[in-house]
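Form predicted on its own, single chain, as structure tokens, below.
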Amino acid sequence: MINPIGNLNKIFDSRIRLGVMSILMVNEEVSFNDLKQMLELTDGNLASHLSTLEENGYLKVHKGFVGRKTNTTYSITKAGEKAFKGHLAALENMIRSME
């Protein structure tokens, strides 16, 4: 029997990282504050998960200013899109194999 979880990507085990990637798959760019509000997270919690995704090459970080305030936005990389689609396909295959 084939291991049903063997093709899942461990980076996406976290519901927070799963949420971030889901949001970025359907939005070209999202600000830190918007992600924080949508996922109902603290600054520190969100920042640590974003760092993990960035370190793995799944996110691009864009830092800038709006007036005098810093504005950090995130977008998904090609590698991130490929990895996330692969993870979703593995989930679908796992579910189908259980029927």
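Remember, it's a predicted structure, so these values are computed and weren't measured experimentally. Each residue number is its position in the shown sequence, starting from 1.
This next part talks about the form predicted together with a further copy of the same chain, which is not shown.
S.K.: Using heavy atoms only and a 4.5 Å cut-off, decide whether all three of 10, 40 and 94 touch a further copy of the same chain in the predicted bound form.
M.R.: Each of the three qualifies.
S.K.: So, residue 26 and a further copy of the same chain: in the predicted bound form, are they within 4.5 Å at any heavy atom pair?
M.R.: Yes.
S.K.: Tell me, yes or no, whether residue 22 is in contact with a further copy of the same chain in the predicted bound form, where a contact means a heavy atom of each within 4.5 Å.
M.R.: Close contact exists here: in the predicted bound form, residue 22 approaches a further copy of the same chain to within 4.5 Å, heavy atoms only.
S.K.: With the cut-off set at 4.5 Å between non-hydrogen atoms, does residue 18 touch a further copy of the same chain in the predicted bound form?
M.R.: Contact check for residue 18: yes, within 4.5 Å of a further copy of the same chain in the predicted bound form.
S.K.: Give a yes/no on whether residue 83 approaches a further copy of the same chain to within 4.5 Å in the predicted bound form, heavy atoms considered.
M.R.: Judged by the heavy-atom cut-off of 4.5 Å, residue 83 is well away from a further copy of the same chain in the predicted bound form.
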